[in-house]
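Quick heads-up: it's one chain on its own, the form predicted on its own, in structure tokens.
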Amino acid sequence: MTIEKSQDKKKKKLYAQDIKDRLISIFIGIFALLWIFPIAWTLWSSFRPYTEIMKNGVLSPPQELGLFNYEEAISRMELPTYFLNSALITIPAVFLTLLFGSLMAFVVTRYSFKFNVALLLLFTAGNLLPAQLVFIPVFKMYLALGDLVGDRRFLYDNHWGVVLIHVAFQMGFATFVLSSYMKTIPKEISESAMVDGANVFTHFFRVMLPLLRPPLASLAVLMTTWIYNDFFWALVLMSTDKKRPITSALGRLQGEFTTDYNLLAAGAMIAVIPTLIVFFVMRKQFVSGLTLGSTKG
């Protein structure tokens, strides 16, 4: 009887666990559908003429499908100029963020000093500040620095001004992630390097940095997406439209009195292509960085 009761308990537990797993799977499936629906709808709308939707309604069956919205978007967005502007902002910002973030993580995790934990918390807290809260002080600071050097466009209306503000805002998150990962690396590796006579730069660039490739790849994908898709800082820190990134080029697709949202959808699909390329090229490193960082140690 005792064996039968224990078997019944096991069956009940397994049954309850199976129900929980199914409910979780259903919830994840619903969440995934809700997440992908706006993207799928935008892609679907980009192939339809806006006049057809205005006449027959959004849910009407399509009478015409084609690439005409994409052709018009390409002709009006001046893609080479704005894609180049996005590259001039995104690539240096991602590189500098990862470099400074890894250096900061190296300092706070491998060297003990009085304020290392407070310094890490300060960097993390700075990342939580909303951009809308600090953009006026940043704007005034850029103008003041420009007046100081005799050129108001020293940082304002300059790609490097946008790059620096992205580095300042994203470095806290990068430092937090890399320091958390770096704590899982055995300290014996660092001790062996120092016993062999490695200086600080050799210790970081030759020993620690190669071990950080998985989280750096994951962060590179995330940072590229966040910085490339940013519209706010380029809008408030740049006055010349020709210098702004691709997100600003979507404004060229808006009419003076009405907006063709299907044309805007096509432009959005074109603008997102570089981030998709980055993700698919680095998807293996991205996934391995996330999983390794969560299981190591």
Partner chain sequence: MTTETTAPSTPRRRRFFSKSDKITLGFFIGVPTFLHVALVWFPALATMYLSFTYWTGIDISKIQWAGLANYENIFFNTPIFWDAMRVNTVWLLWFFFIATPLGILLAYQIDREIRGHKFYQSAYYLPVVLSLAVTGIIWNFLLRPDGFVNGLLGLPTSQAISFFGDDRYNIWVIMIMASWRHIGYIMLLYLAGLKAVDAALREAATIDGATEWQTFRKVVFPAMRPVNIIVLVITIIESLRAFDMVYIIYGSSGGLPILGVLVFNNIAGEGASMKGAAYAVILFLLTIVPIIAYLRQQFREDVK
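Residue numbers count along the first chain shown, from 1. Not measured: the values here are computed from a predicted model. Rigid core: the largest C-alpha set superposing within 1.5 Å between the two forms.
A second form of this protein, the form predicted together with its partner chain, is not displayed here; the remarks below concern that form.
Looking at residue 62, you'd find every heavy atom of it more than 4.5 angstroms from its partner chain in the model of the complex. In the model of the complex, its partner chain stays beyond 4.5 Å of every heavy atom belonging to residue 181. Although the partner is absent here, residue 158 sits far enough away that none of its heavy atoms falls within 4.5 Å of its partner chain in the model of the complex.
Mapping the unseen interface onto this chain, residue 205 counts among the residues with a heavy atom inside 4.5 Å of its partner chain in the model of the complex. For the candidate set 79, 193, 104, 217, a heavy atom within 4.5 Å of its partner chain in the model of the complex is found for exactly one residue, namely 104. In summary, the region of this chain contacting its partner chain in the model of the complex, judged by heavy atoms within 4.5 Å and restricted to 106-114, 68-76, 207-215, 82-90, corresponds to 106-114. Residues 164, 165, 167, 168, 169, 171, 176, 183 are the ones in 159-188 with at least one heavy atom within 4.5 Å of its partner chain in the model of the complex, listed in sequence order. Relative to the superposed core, residue 242 undergoes a C-alpha shift smaller than 2 Å between the shown form and the other one.
After superposition on the rigid core, the Cα atom of residue 50 is displaced by 2 Å or more between the shown form and the other one.
Core-superposed comparison between the shown form and the other one: CA of residue 60 displaced by 2 Å or more.
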